[in-house]
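Coming up is one lone chain in structure tokens, specifically the form predicted on its own.
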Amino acid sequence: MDYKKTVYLDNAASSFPKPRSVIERMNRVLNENTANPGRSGHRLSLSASQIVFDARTVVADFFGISGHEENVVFTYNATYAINTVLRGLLRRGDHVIISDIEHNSVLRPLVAMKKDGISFDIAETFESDDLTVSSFSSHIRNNTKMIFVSHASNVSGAILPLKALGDLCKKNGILFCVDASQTAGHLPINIREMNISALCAPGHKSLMGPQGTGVIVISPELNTEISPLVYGGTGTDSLLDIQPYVLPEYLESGTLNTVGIAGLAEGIRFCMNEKNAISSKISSLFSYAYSELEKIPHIRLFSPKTDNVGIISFSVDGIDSEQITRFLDSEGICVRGGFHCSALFHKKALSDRFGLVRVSPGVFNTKKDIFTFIISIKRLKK
């Protein structure tokens, strides 16, 4: 396959291509140093530890907790991060509120944790931020421990009012945890300003890093210990048979993905350097694609035209979304069909029969890519 001739519009699943600087940085680490960070006292191990520490600094600065590198925990993806936060903070008798657009990475752990005495409610979301916040507020109980929300839907791209929900949590003494899978790297997120207790994000989407990377960014104000999801070697106090409470190692048992972490840091640097261009480019491509799809008969759009992170999901009459995806793939266009690991959204949207086609342009797409996609969609209907 000639990837240069492929129109890739599936950046909500994983960004492609990666910035050249990310690829070069990862190659350099692979060629020069794959020693185990924090496990030995020799120069290569110490150098690898510095690579990881430098990446923590980049992440801490990016999310508004500069000087608190120890509060940056590296994981293997956002799902791992979310499970760590949910299982690490919740105890028997606790109650959680989530939204009706959550990914299965949030829903499924909570369903599984019911047997451990955890309960949860699902708050309805609306186009009106005030109504959304009111919906969450109405579900607060005496034993509500946490509100956990996706910053933006991975299906529709609709953005939730993070700051207002953070303020609601602060007012009620509730933990506020966020899945930033679709927004980290694309929308500004400040842990302190938004009153976020813990933020989970993948490295491979809008942060422009490689797959197999993710982060938990913990607020310096969080005064509740997050229990580890995995126990084992941390490189500290090895003679103890209990997990030493030293952040971030407490939550990072086992060898870290040093090469991937180096690439993630470089991806974040790219986002920092190009933030205005990224926002402008994706907004422009989204608007163009949305306006053209609106003109095509028999297409129903499921994404808001405003307050959108840059994702468009749609259906075409009664055609199965996977069939449309296969057709577009035959035309050299990559999009995602199906149910997007988001049962709650599709049940709410009544799209749980045929699924939806999701289009998500990225910073390296062009207007020509969108034009090619639109022409193919028109050809499908003919």
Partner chain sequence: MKKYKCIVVKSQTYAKKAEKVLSHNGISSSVLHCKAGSVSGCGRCVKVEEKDVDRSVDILKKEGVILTGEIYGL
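Numbering follows the first chain given and starts at 1. Nothing here was measured: the structure is a model prediction, and the numbers come from that model.
In what follows, reference is made to the form predicted together with the partner chain, a form of this protein that is not presented.
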* Asked: Going by heavy atoms within 4.5 Å, which of 245-253, 203-211, 172-180, 99-107 lines up against the partner chain in the predicted complex?
  -> 245-253
* So which of Ser342, Thr325, Ser49, Ser351 reaches within 4.5 angstroms of the partner chain in the predicted complex, heavy atom to heavy atom? -> Ser49
* Structure fact -> Checking Ser119, Ser279, Thr236, Ser137 against the partner chain in the predicted complex, the residue with a non-hydrogen atom inside 4.5 angstroms turns out to be Thr236
* Within 4.5 Å of the partner chain in the predicted complex, do Lys18, Leu30 and Lys275 each have at least one heavy atom? -> no
* Asked: Is His68 close enough to touch the partner chain in the predicted complex, meaning at least one heavy atom pair within 4.5 Å?
  -> yes
* Asked: Would Gly38 count as touching the partner chain in the predicted complex under a 4.5 Å heavy atom rule?
  -> yes
* Any chance Val111 has a heavy atom within 4.5 Å of the partner chain in the predicted complex? -> no
* Asked: At the 4.5 Å heavy atom threshold, is Leu240 in contact with the partner chain in the predicted complex?
  -> yes
